[in-house]
Each structure stands twice: as C-alpha cells, then as structure tokens.
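Okay, here we've got a single chain as structure tokens, the form predicted on its own, with questions on binding and movement later.
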C-alpha cells in the first residue's frame, strides 16, 4: 500500500467481539503511532442483515455480526485490525473462531483492505508476554519507523488497558456495598411508587452485555423495571477463581470462567434476587457454561436463574415478556417472604 504523507493512515476496528474487552488497548496503541482509528458504528438492523447474508451459517450470532461491522468499515479505512487472539493466559483459551476469523474474512471477501492480524495465543502456542511486545513492536513499524515512538505507544496502550480493567472490575469491598444498596454501579434504576428494589446479576459475554442491539436493550429494559444490576464483567477475579476451584473439572475457556464463576458465586452467596444469563445461539463454549450453570441452579434453586438465548431471529416482544414475567416472579417471591416473616413475628 502506498502511504500518502498528507494524511494519517486509517485503521478500522470492528465494534464487535473482543473490541469490548480490549478497545482501550488497541485504540491507544494506534493513535500513539499517529494513525486515525475508525470504529464501526453501533450494531443496527442494516449491519445485522449484511452480516447474516455474508457469514457462514454455522457461525454463532456474535461472529456473524462481526461480518457486518467489517463491511461497514471496508471502504473507509486503509487497514483493518483483526487480531488472531487465542488466549491471554497459560492454561486457558479463547474461542477458536477468534484465531481464524481474519483468514476467513480475507478468503470470503477478497476486496477488503489489508488486514493486520497479529497472532497471540499464550495457552496453546505458548506465546510469552515478551513475544506479545515483539509482535506489537513489529506491527508498529507500519506506521512509525522510530523505535522509541513504538515503544512509547506500547507502554501507553498497556497502561490504558490497565486503567480500563481497574475501572471495570470492582473489589470485594465495593461488591459488598452494592449488595447492601450503598452504591449504584450501573444505570440508576427507574423506580415507581411502592415497588420493591430488586438486585439482578446480568451474566454473559462482554460483546453481548455491551451491545444494545444484540441483547435487545436488556439493560435499559431492566432499568425501566427498577432493577439494580451488576454484570459478570465487574465481579472480583478472586471470587470467580474461588468458585472455579470447586469444580471437579477445569473449564479451559477463559471468558466462560468469568461467566460461570459469577453465577456460582451468587447462587452460593444468595445476596441477589435473581440471575439472568445471556447466551448466544450455536456458541460452543456458551453451551458448556450454560449447562453447568443450569445444573448448579437446580441443586440450589433459592436464587432463580433465567437463561436467554439470542440469535438473529430472537424477537424483542418475546424476550420482553420473559423478562417481565421473571421480574414479577421475583417481586412476588419477596412479598411472600415479607408476609411470612410478618406473620411469624405476630405469632
């Protein structure tokens, strides 16, 4: 590609999948190298329709949406950034789709801009942290030849990601305050008169929790029902790993550990009124975590678990009905407990 010195090189990043985990890292890195970063717009029906038409039928819904976001960027950028991410930890891996997605897109849509696809897989391929820095350093040469600029870009990118993680993941003290209704961690619930406050854990992949279109705006819906939520992204990692240690078998899908550990923690702690688990249709790791979560819930059904499966055919009306019924059930359960305790106190 011929570089035009009169303008910045444009790097496109699809607003899907791992974007919701590592956007601060990626955006900071490229901007520090002097590139113009262009993010695809939020998911829309148009993006979904394009995605469903282009993506392989066997792909999960979230991976299909990625195709739509790539097409939204195709004619606006010089490069597409689609890393081949296998896993960030020694023992655990990400979804295999993440590793092959860039190659699949390049083979299916040949007129795409050049794809930047650095490969990192700490678990399966034994890539080291030093290896990650070397890959970033080499990638940066496309934009800046100066090695010191590239090193600074890498340093600032990792600092930005560290700050993102710190702002997202709460500590155990903050969690306890939320459980005691001393703090609000997300959108302020819209209460109506005489309504009892509910606390619900919203569990799922970051690219579902943070994409209003693919989750059918479930967060706004719960806010409107006066529900105070916390998400699986926010739970202290120590509590999640504590729950994972109780399994007789190891879950080696990294992000599923976050989801399953959150569900197990609140089933055990009983500090919330209910749990809503968002699953993506035909996602293999989601299917595993969903089945294990359902079994744990059946063993101890004190904290109700609602599992919702999303795909391109999921209707908003049906989902809204299920959410409304779940919230009403939780409120009736609380009212019944209050009546029972009040009656016991008068006996």
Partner chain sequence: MPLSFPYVGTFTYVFESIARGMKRDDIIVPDEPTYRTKQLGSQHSSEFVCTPFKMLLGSIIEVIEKGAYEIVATVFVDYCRLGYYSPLYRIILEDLGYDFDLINLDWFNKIEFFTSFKKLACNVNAVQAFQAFRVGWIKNRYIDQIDKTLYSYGAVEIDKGASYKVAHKLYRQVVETEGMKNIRMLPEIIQKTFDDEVEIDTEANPLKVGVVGELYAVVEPAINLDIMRRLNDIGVVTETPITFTRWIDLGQRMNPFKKWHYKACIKHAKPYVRYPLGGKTRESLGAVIEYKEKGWDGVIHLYPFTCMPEIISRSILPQVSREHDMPVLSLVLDEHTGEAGIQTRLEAFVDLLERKRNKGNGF
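This one's a predicted model, so the numbers in the text were calculated from it and none came from an experiment. Residue numbers count along the first chain shown, from 1.
Missing here is the form predicted in complex with the partner chain; even so, the following discussion is about that form.
Trainee: Which of these residues, 115, 104, 184, 221, gets a heavy atom within 4.5 Å of the partner chain in the predicted complex?
Mentor: Checked against the cut-off, the match is 104.
Trainee: With the partner chain left out of view, which of 305, 37, 47, 279 would have a heavy atom within 4.5 Å of it in the predicted complex?
Mentor: Of 305, 37, 47, 279, the residue with a heavy atom within 4.5 Å of the partner chain in the predicted complex is 279.
Trainee: May I ask you to state whether residue 119 is within 4.5 Å of the partner chain in the predicted complex, using heavy atom distances?
Mentor: Result yes; residue 119 sits at the interface with the partner chain in the predicted complex.
Trainee: Can you tell me if residue 259 lies within 4.5 angstroms of the partner chain in the predicted complex, counting non-hydrogen atoms only?
Mentor: Residue-level check for residue 259: no, no contact with the partner chain.
Trainee: Using a 4.5 angstroms cut-off on non-hydrogen atoms, would residue 172 count as touching the partner chain in the predicted complex?
Mentor: Residue 172: no contact with the partner chain in the predicted complex.
Trainee: Could you confirm whether residue 250 comes within 4.5 Å of the partner chain in the predicted complex, counting heavy atoms only?
Mentor: Although the partner chain is absent here, residue 250 would touch it in the predicted complex, with heavy atoms inside 4.5 Å.
Trainee: Of these, 224-232, 173-181, 200-208, 106-114, which stretch puts a heavy atom within 4.5 angstroms of the partner chain in the predicted complex?
Mentor: Selected stretch: 106-114.
Trainee: In sequence order, which positions of 24-59 have a non-hydrogen atom within 4.5 Å of the partner chain in the predicted complex?
Mentor: Result: 56, 58, 59.
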